[in-house]
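The data below hold one chain only, encoded as structure tokens and taken in the form predicted on its own.
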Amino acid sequence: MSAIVAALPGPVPYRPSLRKGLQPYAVVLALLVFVAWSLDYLDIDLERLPGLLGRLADVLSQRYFPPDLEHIRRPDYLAAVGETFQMSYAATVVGMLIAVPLAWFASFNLSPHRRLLYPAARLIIAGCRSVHEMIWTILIVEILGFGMLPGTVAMTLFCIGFSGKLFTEAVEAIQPGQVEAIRATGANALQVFVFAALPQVRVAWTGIAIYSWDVVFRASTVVGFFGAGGMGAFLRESVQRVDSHRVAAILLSIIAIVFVAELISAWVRDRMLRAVA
């Protein structure tokens, strides 16, 4: 026995590769060099930054203070706040209803037809996501005219691209064992998606859905600046009149409402995640 043990090779000493050890530092150094080159190429004057906060405080105190808080207490402005909530809610619900099947079609592991549905769904999600929501608003306003309808349509397209991308990534990250088990019973593509994928992504999708509404609502507060109604319409009117005190009041109200919406969405997210977990 001792002879056999003596014949066995000894432990191989660990010798870290110098190349692998230097790679992270080389990547960081390359990124820093690129940032420095970009600053020089774009002619960004960093010497102007130290006085930025001081100049900003002077502008705010001289032009925007005190805010005209009476303006945001008007009944028509409060009604616009309610319209913004409704627009964001409707856009989120409709966008989710469209994003769910698109996420199914666009997931490589569960797509019913990889040659047709997969690229088509990917193209739709990428198209909705690649265009900024403000650009969507401008385009839809030119087609449908002013009002809440173009804003709702623009926010719906934004929601499809935003949530559809996250939904798809959640589906593609599921464990394949349950999918293979359901397929082994002879289930079709829809049954596999319902009974194998949805139970695994319901928690992630719940968080994504609530977060999507949060993002859509924040975007909805300013789309009215481009003619889509809501709170942004009052902001546009005040900016055009160069009424800085009213602009300050509207901006403060937008910040406060978005902050409240953030708290509400966090509370709802926590309750719903506990319910579906």
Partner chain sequence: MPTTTSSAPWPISPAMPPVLEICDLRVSYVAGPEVLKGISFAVGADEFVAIIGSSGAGKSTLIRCVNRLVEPSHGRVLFNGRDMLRLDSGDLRRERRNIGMIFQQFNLIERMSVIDNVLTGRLGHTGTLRSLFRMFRREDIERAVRLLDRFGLAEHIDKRADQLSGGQRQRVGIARALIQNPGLLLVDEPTSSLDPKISREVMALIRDAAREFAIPVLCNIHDVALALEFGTRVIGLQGGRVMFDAPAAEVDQIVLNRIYNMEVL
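Residue numbers count along the first chain shown, from 1. The structure displayed is predicted, hence computed values, not measured ones.
Keep in mind the form predicted in complex with the partner chain is missing from the figure; the text below concerns it.
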*When you measure heavy atoms, are 178, 182 and 199 every one within 4.5 angstroms of the partner chain in the predicted complex?*
yes
*Let me know the one among 116, 135, 194, 173 whose heavy atoms come within 4.5 Å of the partner chain in the predicted complex, would you?*
194
_Contact assignment for the partner chain in the predicted complex, among 123, 79, 190, 97, heavy atom within 4.5 Å_ = 190
*Should residue 90 be classed as touching the partner chain in the predicted complex when contacts are defined as heavy atoms within 4.5 Å?*
no
*Report yes if any heavy atom of residue 139 sits within 4.5 Å of a heavy atom of the partner chain in the predicted complex; otherwise report no.*
no
_Using a 4.5 angstroms cut-off on non-hydrogen atoms, would residue 186 count as touching the partner chain in the predicted complex?_
yes
*Decide whether residue 131 counts as a contact residue for the partner chain in the predicted complex under a heavy atom distance cut-off of 4.5 Å.*
no
*Thinking of the partner chain in the predicted complex, which stretch from 141-149, 161-169, 71-79, 202-210 has heavy atoms inside 4.5 Å of it?*
202-210
